[in-house]
Structure formats: C-alpha cells, structure tokens
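Given next, in structure tokens, is a single chain: the form predicted alone.
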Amino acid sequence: MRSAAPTAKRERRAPVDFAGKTYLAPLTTVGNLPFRRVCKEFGVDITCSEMAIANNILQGSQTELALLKRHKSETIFGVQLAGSRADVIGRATEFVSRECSVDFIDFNMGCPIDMAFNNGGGSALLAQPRRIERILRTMRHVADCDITVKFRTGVKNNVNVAHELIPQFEAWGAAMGTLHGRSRQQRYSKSADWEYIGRCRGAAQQMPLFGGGDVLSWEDYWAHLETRQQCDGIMVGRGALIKPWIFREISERRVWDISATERLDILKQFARFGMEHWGTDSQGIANVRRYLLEWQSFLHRYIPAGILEVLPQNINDRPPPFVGRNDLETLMASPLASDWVKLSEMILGPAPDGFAFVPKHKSNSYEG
C-alpha cells in the first residue's frame, strides 16, 4: 500500500475539545477494540488505537491495518502512529486521515521498548527536536484532523526535557500533548513525577496538557486535576487494565466495591465483544482467550476495596497474598497463569490440550 508523497491537506475537521475528558491510553496488545468497548461501557470519553507502526501501514500489513478499526461506540477516537522518518510518518498520516474514521492522530514519542528506541523512534525522539519538528509539521500539513503527541519527561533519569519541548510541539502544530511522568530509563518503575507534570503545564500557551502515570482511583484523578491543578486532563493506562470501572468511579467520585461475580460478568462481556471482533471459529476463540489472558495478567493485581485496610490502592504497591470473600475472588487474585487459564475456561470452555500461557507484557509485573 505504498502511497505517493504527502499532498496538501484537505479542509480540516472541527477540532476536538480535549480538556477535562477522561482518556484511555493507547495500550499495545491489551488496548484492543473489545477492551476499549468495555471501557466505553464504563464511561471513558476518549479512546485511541494501539500503537501502529507507520511503515507497516504503508506496506499493507493486515495486522497493522486491523489496529485502525473504530467501533461505533467510540465517540472520540484517535489512531496512534509510531516511527522516526518524516516522509514515512507523513504518508501514513495521510492514509489514516483519508481512509479511517478518526478524530485525531497521535504521534508516539513515549514508547520505551528497545525495538522502538534502537530504531530512533518512541522516546528516542526526545533527544532529536529537529526530527520531531519535521515529523509534526508534515503530519499537520497532510492531516485534516488534530495531531496530538504523547511523550515522556526525557530519555534519562533526572534529565528532564519535556518542559523545553512542549512550547515547540505547540508551535509545530500539536493540538494536545500527553506527558507520562517518567523517563525512558525508568520504564514503569518508580512513581510518576506529577510535580514535574504540573510545572510543565505552564509551558504550553493554548495547547491542553494531559498527564499520565499511576492513577488507580478517583481520588488520584481529581487530586491531580482539581486540587493540585497539575494538568488539563488525565490519561489512564495501567489503572484501566487493573480496574476498567475506574472511569465510573471517576465520574461518580466514589469507590465501587465490585463483587467477583460482577468482575466475571465484565470478562464475559469482553469475550462477547471479542467474538464479534475476532470471530467465533477456532482461531477467533483462540484470539479471545489469548487477549483475555493478557488482560488477566493485569486484572489479578486488583485488591477488592472491601478488604483493603487503607484506601485507595496504590498502583505500584505489590499486593500481599489474601483470601477473597469467596472462592472466585480468591481465584481472580491469583498471580499464577494456570489460574488465569482456569478463569478463561469458565467463559470460553476448555483450553486446547497442552495449552500454556506466558504474558507478553513485562509492565504487568512489579519493578523496583
């Protein structure tokens, strides 16, 4: 699907009003369309595709193109692109803008994984402002929708550069920015630096700045947004994977002591959405099981509010072993992949003989 060089943009769509809206982070693998539908059921405002590699889109990769699909329930939807070359990003932006149903296109400058970083993409771009300028100006030129940016504090610990880049992102055409409060070197370890996010908010003139990192409760959310006024909105990532009902808690400003049966119903709903998306044949069911298990590798970290000694749960605290209020609640808290498979079998039937599961994501584990 190699297209010609980027052409001039068409008439622009109305800009998105981002400020103050809840935003589900683009999440590789686990941020699939069925999961986003679950989060929409709980009231999230903004959703975004999993990270899509620009070059793979241009080569017509069916796997990559599938990431661009929007469900009708997604009221404000964007596609996140990753890459390091302005010409490639530009052509992919033009394709997405022209062929896909999107309200915005997000450019990834936050991915910390080695594959992206070593190829000059993701968070490696934070050390290359001239390259960022070429990319964002090209995206802004060819797209008829808003261009947004997601980035980290910097590449190395204690060498923050986001505050210097934010005014430039805005000048180069970004309509909104999201700052994950960690460096690339930190990955997902240590706590997000919300004090720094708050300082960065003042670096933008008109561009809304969202913050992200460690939000797992409505108390966290509103403290950052209202009490400390550290940002214009908040992107929720791992918190939504651990408890997707967080968006209802945020809107209602209350803790939901959700039962194990209600949580199982959420998994059943995901499975229904998954079969609509991936199909009901053997391969479709295999996909549903795989993504359900990937999600369960985060879900098991939830500690039921009714048995917590101190509220709210901290996302970076390793939960102590506990016995649930019933056998299902105990099973759902198990860190063993074999128990996650048992849960999947309660919903999808027996797994194939010899089936075993190893989580793809390391960020579902606790790091020091």
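None of these values were measured; they are calculated from a predicted model. Counting begins at 1, following the sequence as shown.
One more form of this protein exists, namely the form predicted in complex with a small molecule; it is left out here, but the text below deals with it.
- Within 4.5 Å of any heavy atom of the small molecule in the predicted bound form lies no heavy atom of V79.
- Looking at M51, you'd find a heavy atom of it within 4.5 angstroms of the small molecule in the predicted bound form.
- In the predicted bound form, the small molecule sits within 4.5 Å of a heavy atom belonging to D214.
- By the criterion of a heavy atom within 4.5 Å, P208 is excluded from the residues contacting the small molecule in the predicted bound form.
- Shown without its partner, this chain lists F104, Y188, Y291, Y196 as candidates; in the predicted bound form, only Y188 has a non-hydrogen atom within 4.5 angstroms of the small molecule.
- Interface residue among T28, S334, S61, N326 relative to the small molecule in the predicted bound form, by the heavy atom within 4.5 Å criterion: T28.
- No member of the trio N55, R134 and W172 reaches the small molecule in the predicted bound form with any non-hydrogen atom inside 4.5 Å.
- Figure note: of the listed segments 268-276, 154-162, 232-240, 140-148, the one touching the small molecule in the predicted bound form, with heavy atoms no more than 4.5 Å away, is 232-240.
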